[in-house]
Ligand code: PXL
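One chain comes next, on its own, written as structure tokens: the form predicted on its own.
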């Protein structure tokens, strides 16, 4: 960070959906509310997100990503963290690795959310070859935030549906750390059907933690982005990995509960906005 009066600065490399709460429309407000200056590098621009919605527009911004990078580099912009999410092509995988090299500093943080699969299946736009390419991006990260499906793909293993054993989750965490990142946060963890949450592992300290919240039935789009953005907000505000993951579990679960209780259309994302005051209290920002 430049000095004590300058907010930490994050580069967020995600897609932008005009409607629907996910990716940049989640990352920007959460990180900004947490006192973090956030610069956006869009990987695509869509009219809506793609989960359960038909007829959306899609503008691939691959051709603009390197000009963005070069301009930022010419301005000598420095980032305290780099946060990548949805990447739409093999070419973008290579561009993001180049971004890491250009803007890597000895004391900044690279967090990768390897967005590509859920519920045991790759998203339709991706191939197994893309998953292997994402593996190479994760090698460059300090922290990765896969769900169980993505973890299996990164490790070249067969997906196993839950409930899970503590031993299985522990083995996944440690195997993922062997890819390169020192810290792992695994989402979609559950040991019974009544709770859901995340487990984290810090290879340096050897510490493993797990935080669960009461499970709300249904599938809610954008929750992975809410979780990863909140995790990064915790880390950038000085909380250790397990504590940050716990904050992210509680905040994400509260947004899901509000959405369920309101009877909102689950395709459009969760009500994370009204929980921001509670998040800031957990971050000790007021």
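This one's a predicted model, so the numbers in the text were calculated from it and none came from an experiment. Numbering follows the first chain given and starts at 1.
Omitted from view is the form predicted together with this ligand, to which the following refers.
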Review point. Using heavy atoms and a 4.5 Å limit, would one call residue 10 a contact residue for this ligand in the model of the complex?
Key: no
Review point. Is residue 222 one of the residues lying within 4.5 Å of this ligand in the model of the complex, judged by heavy atom distances?
Key: yes
Review point. Is the gap between residue 51 and this ligand in the model of the complex 4.5 Å or less for some heavy atom pair?
Key: yes
Check your understanding: Within a 4.5 Å heavy atom cut-off, is residue 168 in contact with this ligand in the model of the complex?
Key -> no
Point to revise | Heavy atom within 4.5 Å of this ligand in the model of the complex - the one residue of 141, 186, 115, 154 that qualifies | key: 115
Practice item. State the residue from 90, 191, 123, 159 whose non-hydrogen atoms include one within 4.5 Å of this ligand in the model of the complex. Key: 123
Check your understanding: Where, among 234-242, 42-50, 61-69, 252-260, do residues come within 4.5 Å of this ligand in the model of the complex by heavy atom distance?
Key -> 42-50
Practice item. For the heavy atom contacts within 4.5 Å of this ligand in the model of the complex, list the residues of 81-114 involved, in sequence order. Key: 86
